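Just the one chain here, laid out as structure tokens, in the form predicted on its own.
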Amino acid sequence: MDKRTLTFRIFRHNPFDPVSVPRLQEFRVEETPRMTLYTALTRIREEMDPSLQFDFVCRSAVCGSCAMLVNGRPRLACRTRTEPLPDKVTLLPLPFFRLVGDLSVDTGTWFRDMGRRVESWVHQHRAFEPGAEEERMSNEQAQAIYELDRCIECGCCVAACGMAQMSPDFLGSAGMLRIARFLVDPRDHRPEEAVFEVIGTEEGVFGCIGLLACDDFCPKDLPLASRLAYLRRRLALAAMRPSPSTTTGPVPVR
């Protein structure tokens, strides 16, 4: 089989350079067996243009730093093979996030702020005791937490979200997944009223317009759609329950 010559049309722009103009620059790379986009970009930077900016750390789909738009779809460069792609590939930075330069965007600031908004820590009624024995949980509970903790914060779900593009305050599926992780944690004592304050709004679960592109493009196949449905059911049930002032007994927890 003849080797292909791939044409990459790559977004170039340095927002910190007043004379830089956004543009697409073409590079031609000879395809090699099992080539990934990361490999191709590294060859371009090492052999053709050392000024090309893109991010990578692990090359194993763990760090999430190499996410970009590949022919309009958010993907990780390190795990995207070139074989199934056409001869011409357009690479753009992820939308929604602040552009650092070329294909590099700042996802860290958004995820840090999102973590603060959803109060991404275990809430307990008692003070932390460093010398206390670690609380026990079942294997099933630990596995459920781990499943929701696998997010690598690549930003693909947010970049694919139509609502996020229209509303910069929207938490996105990453924010919803983060708070769902603590709701399944038996150590977290956060009252449902506090949960409703964070995600029971148009910026939370009720702002989702149901396209679920987040679920389609998550590179780790996280259960984004099912967790969104879980949060909506939980908040709907909480809203339907009578307030404590109108009941004579304890309110059942479902």
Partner chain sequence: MTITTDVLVIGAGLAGERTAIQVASRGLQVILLSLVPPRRSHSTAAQGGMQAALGNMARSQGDSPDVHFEDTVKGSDWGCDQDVARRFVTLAPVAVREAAYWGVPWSRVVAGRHKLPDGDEVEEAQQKEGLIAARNFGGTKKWRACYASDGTGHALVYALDNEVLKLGIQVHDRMEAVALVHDGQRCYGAVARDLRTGEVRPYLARATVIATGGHGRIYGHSTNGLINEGTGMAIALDTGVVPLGNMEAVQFHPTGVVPGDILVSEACRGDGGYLLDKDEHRFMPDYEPAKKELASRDVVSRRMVQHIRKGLGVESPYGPHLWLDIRHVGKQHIEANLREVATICRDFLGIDPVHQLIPVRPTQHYSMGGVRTNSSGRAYGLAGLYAAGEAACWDLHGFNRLGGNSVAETLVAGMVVGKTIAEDLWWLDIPSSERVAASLAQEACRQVEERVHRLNAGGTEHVFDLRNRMSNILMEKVGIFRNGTELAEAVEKLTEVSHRARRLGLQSGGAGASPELALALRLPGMIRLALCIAYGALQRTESRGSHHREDHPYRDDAHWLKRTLATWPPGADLPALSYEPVCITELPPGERGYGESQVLAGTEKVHG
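These figures come from a predicted structure and were not determined experimentally. Positions refer to the first chain, counted from 1.
The same protein also exists as the form predicted in complex with the partner chain; that form is not shown, yet it is the one meant from here on.
This chain is displayed without the partner chain, yet in the predicted complex the stretch 57 to 65 from 224 to 232, 57 to 65, 22 to 30, 202 to 210 comes within 4.5 Å of it by heavy atoms. The closest heavy atom approach of residue 182 to the partner chain in the predicted complex falls within 4.5 Å. Mapping the unseen interface onto this chain, residue 38 counts among the residues with a heavy atom inside 4.5 Å of the partner chain in the predicted complex. Although the partner is absent here, residue 107 lies within 4.5 Å of the partner chain in the predicted complex, judged by heavy atoms.
For residue 162, no non-hydrogen atom is located within 4.5 Å of the partner chain in the predicted complex, even though that partner is not displayed. Along 206 to 234, a single residue, 220, places a heavy atom within 4.5 Å of the partner chain in the predicted complex.
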